[in-house]
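First, one chain by itself in structure tokens, the form predicted on its own.
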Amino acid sequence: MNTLQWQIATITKITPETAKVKSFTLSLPGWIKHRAGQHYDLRLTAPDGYRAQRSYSIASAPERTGEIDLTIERVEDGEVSTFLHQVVVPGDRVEVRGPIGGYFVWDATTSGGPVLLVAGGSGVVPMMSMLRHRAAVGAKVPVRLLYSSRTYDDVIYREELASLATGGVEIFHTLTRSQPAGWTGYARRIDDTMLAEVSRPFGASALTFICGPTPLVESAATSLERASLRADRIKTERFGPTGT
């Protein structure tokens, strides 16, 4: 099956992640193994023929067969994300095509490391696919994730991330708006000092992936280049309100 060919997927499970984020498990009749970091296009068609289409990163590991998880944040005035959050139930069907993308991808069995991941908000979704992929294949590549969220309750995959922080995986959180009592992580927006502290053990050779809102991505990439990380080892993916 062509990855750009539309197919009808069945939503088999909906999992709340935070108050504004849900994971949708889609069963695919034309399943094709994806690469960690790729995405799917999802299209909705109204009875009058009007169509709306958005791209969503795959959250599940490539090693899962027959289905994928798309983790989607509900965006204010976002016609696709709002419909998925408020209307769709298990058993419903949607049009999708993919997997798509060949730049922002990682293969734990062939790509060199160590690996630095920097994410903001729902930008953690493709990073979760990478972490789940690493665990599924039993890779030993050292990985550090720096993840920025507004509040503790906004941390997507919070419990699973904690469980993955073992065997060479380290997770660093920063909460930009409020922090719970006893919080020991960072408590500000990602900045030069934070990036330097998290990336220092890996040195300039780290393979880096940055995903999140455009300002965060551009700032982090520039900061890491100033810290002597090689530009050709830094891969970025941006999103904005109209894309989610």
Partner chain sequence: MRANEELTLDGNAVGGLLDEVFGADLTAAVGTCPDCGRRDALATLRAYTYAPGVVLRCPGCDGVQLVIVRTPRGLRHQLRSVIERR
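Numbering follows the first chain given and starts at 1. Just so you know, these numbers come straight off a predicted model, no measurement behind them.
A second form of this protein, the form predicted together with the partner chain, is not displayed here; the remarks below concern that form.
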Sole residue of S205, T214, T193, S178 within 4.5 Å of the partner chain in the predicted bound form, by heavy atom: T214
Could you tell me which one of G91, G112, G167, G102 places a heavy atom within 4.5 Å of the partner chain in the predicted bound form? G102
Going by a heavy atom distance of 4.5 Å, is T12 a contact of the partner chain in the predicted bound form? no
Classify E67 as contacting or not contacting the partner chain in the predicted bound form by the rule of any non-hydrogen atom within 4.5 angstroms, answering yes or no. no
If we define contact as a non-hydrogen atom of the residue within 4.5 angstroms of the partner, is T3 a contact of the partner chain in the predicted bound form? yes
In the predicted bound form, does H39 come within 4.5 Å of the partner chain, counting heavy atoms only? yes
Each of S55, R97 and E218 near the partner chain in the predicted bound form, meaning some heavy atom within 4.5 Å? yes
Report the stretch among 102-110, 69-77, 131-139, 116-124 that approaches the partner chain in the predicted bound form to within 4.5 Å, counting heavy atoms only. 102-110
